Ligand SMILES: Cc1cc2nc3c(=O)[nH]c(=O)nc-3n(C[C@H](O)[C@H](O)[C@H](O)COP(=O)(O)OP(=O)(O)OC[C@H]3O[C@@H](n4cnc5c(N)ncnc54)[C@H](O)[C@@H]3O)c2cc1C
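Before any questions on binding or motion, here is one chain by itself as structure tokens, the form predicted on its own.
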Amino acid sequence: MRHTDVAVIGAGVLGCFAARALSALNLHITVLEQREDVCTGVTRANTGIIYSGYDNHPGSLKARLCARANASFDRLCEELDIRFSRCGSLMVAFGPHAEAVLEQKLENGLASGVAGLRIVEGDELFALEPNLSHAATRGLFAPGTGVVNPWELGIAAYENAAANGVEFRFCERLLRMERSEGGFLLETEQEVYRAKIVINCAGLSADAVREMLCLPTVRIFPTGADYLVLDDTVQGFFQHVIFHEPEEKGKGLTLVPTVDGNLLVGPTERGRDLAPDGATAASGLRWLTELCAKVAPSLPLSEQIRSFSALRPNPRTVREEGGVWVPEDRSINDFTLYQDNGLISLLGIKTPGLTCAAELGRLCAEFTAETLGFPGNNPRFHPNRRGVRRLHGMDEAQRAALVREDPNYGDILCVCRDVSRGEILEAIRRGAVTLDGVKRRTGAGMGRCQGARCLSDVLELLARAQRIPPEAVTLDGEGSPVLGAKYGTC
């Protein structure tokens, strides 16, 4: 049996930031993750938008945390050495109904203290974004909106937490949890843990984890989402994040200029039954294409290099009816955090969950410190982390100096993204065990050819580092063999 002060369930972006915040305290922290790597669930399919906060009801937990998180995001990214572009956003209307929504968002934002928020129209609107359809009537400009790579953010929090002493245990699926004297007993497929506090950041399974000890109050009802990715040849087509507010009831289009230079289109919001988990729905992709023609008619969709899907964790209050738990009609619009005598659960944390991940982690640490009687600070805690050095963006002198230091950086394996052998080896040293794990850390395989050129080289490096046959290397964990054999990573 292993003993720990705090057990964090799940190593997505929320679990990693909870671990990072907890690592500032004089405690032993263990993170239990059922997969082989961090950020493999909800985190990996995300628009990467850092919201300014005007979408949230003034005074709500979302509004308070979003305003605080947005204001401090530059400093957070400096500490964690990740890319952040505060490009601003435009919410665009095409008629009177949407214009009224913009006015309401403006009012919400001003009440929440969102800086620089204003309505733009006419020549000013198209000066900001010349490629918008000229059928657009008004826009809500929010200069504080930004974009990050969500994988970079979560992985950076993980590395910083681990450097500060947090123990991450991978391939540890939680089977059972019960209360015991002084805390909790947690049984995984490999081990039994005794913990004083449990932080439940289990993503789509967070409700099931809580219900190991508590009656249901909120459950997660996932919906599907589809995305398109356009090549970096369209870089500069939009300067700001574009939110399309539809005139009719329903979800609008989002267009995101990413930190990598791609344009991300989506997401849709659809029933989970319209496509198998992990697959896109044809109806969703058609919907995105049709809306693009309305919002940005000249957008070159021929530059599409990928489509992908995701599941969104929508929380709903449930009630018992005839021995069955059924959802209420209305969804929950605020963050849902439960404190059940030492079990802290984050249920259905969606937009702006990425924006608020560090603040939610800090909140979990504050709850923990208060419950345990303020255990003091970790004297070895350091908030800074150095990212993987990227050749792309370096000038010739910087590249030459790096190659002299390590010749592996002179061997470009991913031509599309300008990623060297040295970067891939460093990503593997930091914890990548799958092809997607390397991709999330370096970008290798995310360019125009989608890994057709570099896949075999990356696969060989992964096999050699793990001392396994190439047939045992997976794309993204158990059940995703690259070379056809059925090998897993856990």
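A quick note: this is a predicted structure, and the numbers were derived from the prediction, not measured. The numbering used is simple: start at 1 and walk along the sequence shown.
From this point on, the text means the form predicted together with the named molecule, which you will not see here.
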| query | finding |
| --- | --- |
| Contact stretch among 391 to 399, 275 to 283, 219 to 227, 320 to 328 - heavy atom within 4.5 Å of the named molecule in the predicted bound form | 219 to 227 |
| Contact assignment for the named molecule in the predicted bound form, among Gly144, Gly342, Gly252, Gly353, heavy atom within 4.5 Å | Gly353 |
| Option touching the named molecule, based on a heavy atom within 4.5 Å in the predicted bound form, out of Ala365, Ala161, Val265, Ile349 | Ile349 |
| Contact label in the predicted bound form: Arg312 to the named molecule, heavy atom within 4.5 Å | yes |
| 4.5 angstroms heavy atom contact with the named molecule in the predicted bound form for Glu172 | yes |
| Distance check, Thr43 to the named molecule in the predicted bound form, heavy atom within 4.5 Å | yes |
| Non-hydrogen atom contact Leu80 with the named molecule in the predicted bound form at 4.5 angstroms | no |
| Residues of 4 to 41 having any heavy atom within 4.5 Å of the named molecule in the predicted bound form, listed in sequence order | Ile9, Gly10, Ala11, Gly12, Val13, Leu14, Gly15, Leu32, Glu33, Gln34, Arg35, Thr40, Gly41 |
